[in-house]
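Shown here is one chain on its own, the form predicted on its own, set out as C-alpha cells.
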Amino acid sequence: MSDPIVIAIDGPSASGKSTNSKIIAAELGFVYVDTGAMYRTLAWHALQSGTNVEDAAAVEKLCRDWPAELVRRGDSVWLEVDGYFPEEEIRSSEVSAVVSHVAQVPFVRDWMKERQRSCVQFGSLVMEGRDITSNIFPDTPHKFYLDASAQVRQARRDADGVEENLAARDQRDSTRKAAPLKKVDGATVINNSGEAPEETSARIIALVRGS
C-alpha cells in the first residue's frame, strides 16, 4: 500500500481555502481536514466553560484536559467534544472574535500539531489551515498558499454573514510567535480574487496530478 498523499493548503481568512479544499478532496477521493475548525472547536469549548481566552495559562490548562477526539465523519475529519461536533456553533461571530487568541498559545499549537499529523491514519488528505505548509506537513511536495485581495476576502466573509475584522485577524495570525501564517519556499501561491472556486480547484488538481 502506498503512503498517504497530503495536499497542504494555507492562506488567510476568506481566501477560499475551505471551498477549494472540499472540491479538491471530493474530486480526488481524499479526506478533507479543516484545521481551523479544530481551533474553533477549542475556542467554542473555552467560551462554553467560561475560560478567559486571553489568559494563555488558562487556555493551556483547558486544552490539556478537554475531552476531544478525532473522528472521521463521512469524508471529513473533525474534533468532537464529548462525542459532539459543534458544526454550526463554531462559525458564530463570538467564536470568530476569540479563536486567534486560542490559536496563539504554544501548547495549543503543539497539541493540534500532533492530532493534525495523525490524520494520515484516515488516508490521503487535503488539509487546510494557516501553518500546514510550514509546520504540520512541511515535507509534502503538494504545498499551496491561497490569497485574494483584502476587499474580496472581506466581501466573502460578509456574504457568509460572519462578522470578523479580517485586517486584525491577519495581523494576529502573521505575527504570532507560534507557527505564524506565512508563505513558505516551495509553495505555489494562487491569488483567486477573480476566479470561481472551480477554476482555482482545477488549477491545483492539475498541478497535483502533473507532479
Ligand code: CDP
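Numbers for residues come from their place in the sequence shown, where the first is 1. Remember, it's a predicted structure, so these values are computed and weren't measured experimentally.
A second form of this protein, the form predicted together with this ligand, is not displayed here; the remarks below concern that form.
Trainee: May I ask you to check whether residue 132 falls inside a 4.5 Å heavy atom distance of this ligand in the predicted bound form?
Mentor: Within the cut-off, so yes.
Trainee: Given that the partner is absent here, does residue 125 sit within 4.5 Å of this ligand in the predicted bound form, heavy atoms only?
Mentor: The answer is no: residue 125 has no heavy atom within 4.5 Å of this ligand.
Trainee: With heavy atoms only and a cut-off of 4.5 Å, decide whether residue 173 touches this ligand in the predicted bound form.
Mentor: Although this ligand is absent here, residue 173 would touch it in the predicted bound form, with heavy atoms inside 4.5 Å.
Trainee: Can residue 24 be called a contact residue for this ligand in the predicted bound form at 4.5 Å between heavy atoms?
Mentor: Residue 24: no, not in contact with this ligand in the predicted bound form.
Trainee: With the distance limit set at 4.5 angstroms and only heavy atoms considered, check whether 59, 72 and 115 all reach this ligand in the predicted bound form.
Mentor: Per the other structure, none of 59, 72 and 115 touch this ligand.
Trainee: Quick one: find which of 75 to 83, 102 to 110, 117 to 125, 137 to 145 has residues within 4.5 Å of this ligand in the predicted bound form by heavy atom distance.
Mentor: Heavy-atom contact with the partner occurs in 102 to 110.
Trainee: Give, in sequence order, every residue of 139 to 170 that has a heavy atom within 4.5 Å of this ligand in the predicted bound form, or say none if there are no such residues.
Mentor: 157, 169, in sequence order.
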